[in-house]
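Below you will find one chain, with nothing else, as structure tokens; this is the form predicted on its own, and questions on how it binds or moves follow later.
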């Protein structure tokens, strides 16, 4: 809903004491505020409602879906985007995707899935569409003042006081832009992958794609088909995983091995053995040798990049050293002459409405310091849902994160001793990792192994319930 009068929403409760700067505050009692109506926000609304809480969800756009609604300004989705995790490992545990959908659904199917999810659980009545959050401030009693306004800054600001807050505003919308000498003087076209929407943007051009994440590889593959020339620049070597192994989606095969508790070294050996049987040594194509063992970071899920590299349609090149007027110098001394540079260099988490210290970002790096990537020390009524990058689907993780938070809020009233013990566990567990050895770069900040992480969530839920 887009206003307080839509669908009969009751007016806020009477104003409580104003904020320090004199703004009036409307008390929402035990209602929980959820920020964002994407996948993580919707499942948070659903699970909090099922636990008996009132919920106000604020969504800056005019529809549900978050990043998967490519009509939204902040959506990173492009025309050909499909899931990189297979359907059974991506769907919510209590709302399966249709059986006749492909293994890797298209983004339009994902949006329809979220719309049906919202309708099935009657969630739209709890969402304020076209409303952005300006400030979230902790106040006495572990409560929160949330200031909102119409998206775009139109109309007056409004502050409401909530019993708890869920941050589900996503982490793939604020572009991470690299800095290179001479970039400002480069006369070619430069864009971040967040602005890439359609292969027509590449057609007939000489394209340099910088970055080897899943998006960078997808764009390089599309440039191989549409551009007159494509270079793909990577800073270091990566492992490339096909989407299908032994006739099944790769994540399903990997999950079977995890369920069987196959040791990491054995899984690494099996991966190398499969690679040798299929494409062999990738360095012969000019791709750099990885500086880490497979599964120490998530492999790139792309079945087509190696194909186009092998056919000469994508030329692997090292990192960019500097930009010239119309050329780009690489770290190996070569010069290339692209007329379009696409930076597929990822995104940084941004909680622009909240002071970084609340989430443990003491050094200003933008990296939250949380337990389970969800809970901040000293703030038992605050949770971040969906701030993970798993090696499988994220939606089941968001579901169980919000179930855990809803249970915690309930026990704050019924069993405050258990809720207090949970708070101590949060403080003790800050910085835990759930993916073994990983690279300490912004790209890998939120990587988790889904099996390890879900087991950690299950332990936390059992401990909270005294099992």
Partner chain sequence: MNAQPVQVVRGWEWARPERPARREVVAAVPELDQAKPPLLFVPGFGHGAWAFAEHWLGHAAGRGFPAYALSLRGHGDSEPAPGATLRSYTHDVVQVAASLPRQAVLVGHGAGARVVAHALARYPARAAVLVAPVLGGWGILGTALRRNPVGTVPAVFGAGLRLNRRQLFSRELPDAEARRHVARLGRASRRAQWQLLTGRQPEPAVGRPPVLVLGSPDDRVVPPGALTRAARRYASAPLLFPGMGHDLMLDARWREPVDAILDWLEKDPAPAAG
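Numbering follows the first chain given and starts at 1. Please read all numbers here as calculations on a predicted model, not as lab measurements.
Beyond the structure shown, there is the form predicted in complex with its partner chain, which is absent from this document and is the topic of what follows.
Novice: Residues in which of 132-140, 199-207, 303-311, 81-89 have heavy atoms within 4.5 Å of its partner chain in the predicted complex?
Specialist: In the other structure, the partner sits against 81-89.
Novice: Could you spot which one of 296, 255, 329, 361 gets a heavy atom to within 4.5 Å of its partner chain in the predicted complex?
Specialist: By the 4.5 Å heavy-atom cutoff, the listed residue in contact is 255.
Novice: I need to confirm a contact call. Of 235, 116, 350, 71, which residue comes within 4.5 Å of its partner chain in the predicted complex, counting heavy atoms only?
Specialist: Filtering the options by heavy-atom distance leaves 116.
Novice: In the predicted complex, does each of 102, 107 and 266 have a heavy atom within 4.5 Å of its partner chain?
Specialist: None of them does, since no heavy atom lies within 4.5 Å of the partner.
Novice: When the contact criterion is heavy atoms within 4.5 Å, does residue 356 count as touching its partner chain in the predicted complex?
Specialist: Contact with its partner chain, no.
Novice: Given that the partner is absent here, does residue 52 sit within 4.5 Å of its partner chain in the predicted complex, heavy atoms only?
Specialist: Yes - in the predicted complex, heavy atoms of residue 52 and its partner chain come within 4.5 Å of each other.
Novice: Does at least one non-hydrogen atom of residue 286 fall within 4.5 angstroms of its partner chain in the predicted complex?
Specialist: No, no contact at 4.5 Å.
Novice: Counting only non-hydrogen atoms and a 4.5 angstroms cut-off, does residue 121 reach its partner chain in the predicted complex?
Specialist: Contact check for residue 121: yes, within 4.5 Å of its partner chain in the predicted complex.
Novice: Along 89-108, which positions have a non-hydrogen atom within 4.5 Å of its partner chain in the predicted complex?
Specialist: If the 4.5 Å heavy-atom criterion is applied to its partner chain in the predicted complex, 89-108 yields 89, 93, 94, 95, 96, 97, 98, 99.
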